[in-house]
Ligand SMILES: Nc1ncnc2c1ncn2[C@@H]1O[C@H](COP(=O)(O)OP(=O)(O)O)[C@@H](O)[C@H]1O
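This document starts with one chain, in the form predicted alone, laid out as structure tokens.
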């Protein structure tokens, strides 16, 4: 295809995005500005929220908390019971709250494990919209009868989520229409979801200030900031014009990086609107089908390594990356390439933020704490006037890495609490790009367990760092104003940071061994508290 220089697309696509500039693409910049301009109003606490919805939210959440207090509070299973009731309340309250639960489900290490596990259940399919409503939405958005546009259109969705659902279809051959006779995927926004989300954000913004200091979870210590982060994330998903543009941008970044092991589906040049997105259909192995991949000769280690490098290059070199990596948003093609889906949430960094991410990476690979904290400040996690040296001293980050396996469990918990309290005291928050970055790193960590549990992590870290140093080292060093020789991987520091490993005694560490090490720490914590 003539568009392979423009993006990392499939070799024989149903149409070329190089043939014409889509009309929908011309409005994207204005749409992004409009979206950013309306966020402050959506998250500004109102004196009076949408009353009917506010009463519903208070009733459902209040009933869940009351049931927990009466039946489970104080029991060993108390936190699990509360998490279950919160998840059930989110499902009752509908799409906005399900989406919030899905974001929490990716927050391993940030939120309580019981809450994360419960919220993972919200990732599964939700009931689809009736076909009559799907038909009406397609015809209203595209301006023609369904049968005029599509030769076939499956009545049942292949996936249904909180914001939209997806149907298989085949375009009808027509003069002047790209992809006639080709199979496509049609993403249809749930009717009325835009208004539902906006109304729910107004309720959450009104409710959040009342919850400050009332939720004993560090990641929820600042509910208003969490609502702002959530609003910035979910509002992006409500305009499919922006998602289609994200597909082109991420595809272009991969092409410029020479990352042809990623495939991005082509958006249709004509059939994209705010609520409808027609795109190329791709197929492959489910992410969890490791046996199927290996039977087909797919090198799962190579898939994982490519994923790590491709994600990091997009962040550090171009400031654009897929912001919602999880097993449902990608699959592995038979030739070993990774097909990415669902670009509703995409990370975008301005130049200042991208440089901060670069400094953060450099600080991590060289074990430079000052550089890492300064980068977090510049990303917006800490106030601009933060005294970095004071943060490092107050959090004890200027000493040698702590070994969690040598600490008494109560001391470990106290240490973690001290760090969290100190960060909150400095006004720490989670900017959207940083949240997406951390969320994707958590997914990649889990992907290692799925695709390559026997992978030697030290070798992988070294290979990734070496790739950056040899392929992009001169560029990165020039951008950061440093000499090439200043960037050296401190693997001993990495080892010391993984459970206090002795660099002299550990030449390798597989993911399976790291998982066992984590489990040992959890058991020690659990046995201490049970005693």
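Positions refer to the first chain, counted from 1. Since the model is a prediction, treat every value here as computed from it, not as a measurement.
There is another form of the same protein, the form predicted in complex with the named molecule; it is not shown, and what comes next is about it.
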Inset, instruction - Give a yes/no on whether residue 309 approaches the named molecule to within 4.5 Å in the predicted complex, heavy atoms considered. - result: no
Inset, instruction - Although the named molecule is absent from this view, report whether residue 100 comes within 4.5 Å of it in the predicted complex, heavy atoms only. - result: no
Legend entry - Contact test in the predicted complex: residue 302 vs the named molecule, heavy atoms, 4.5 Å: no
Legend entry - Distance check, residue 442 to the named molecule in the predicted complex, heavy atom within 4.5 Å: no
Legend entry - Triplet 158, 279 and 329 all within 4.5 Å of the named molecule in the predicted complex via a heavy atom: yes
Inset, instruction - Could you tell me which stretch in 133-141, 77-85, 158-166, 346-354 has residues with non-hydrogen atoms within 4.5 Å of the named molecule in the predicted complex? - result: 158-166
Legend entry - in the predicted complex, the residue from 187, 432, 429, 359 that sits within 4.5 Å of the named molecule by heavy atoms: 187
Inset, instruction - Consider the chain as shown here, without its partner, and state which of 313, 228, 249, 237 has a heavy atom within 4.5 Å of the named molecule in the predicted complex. - result: 237
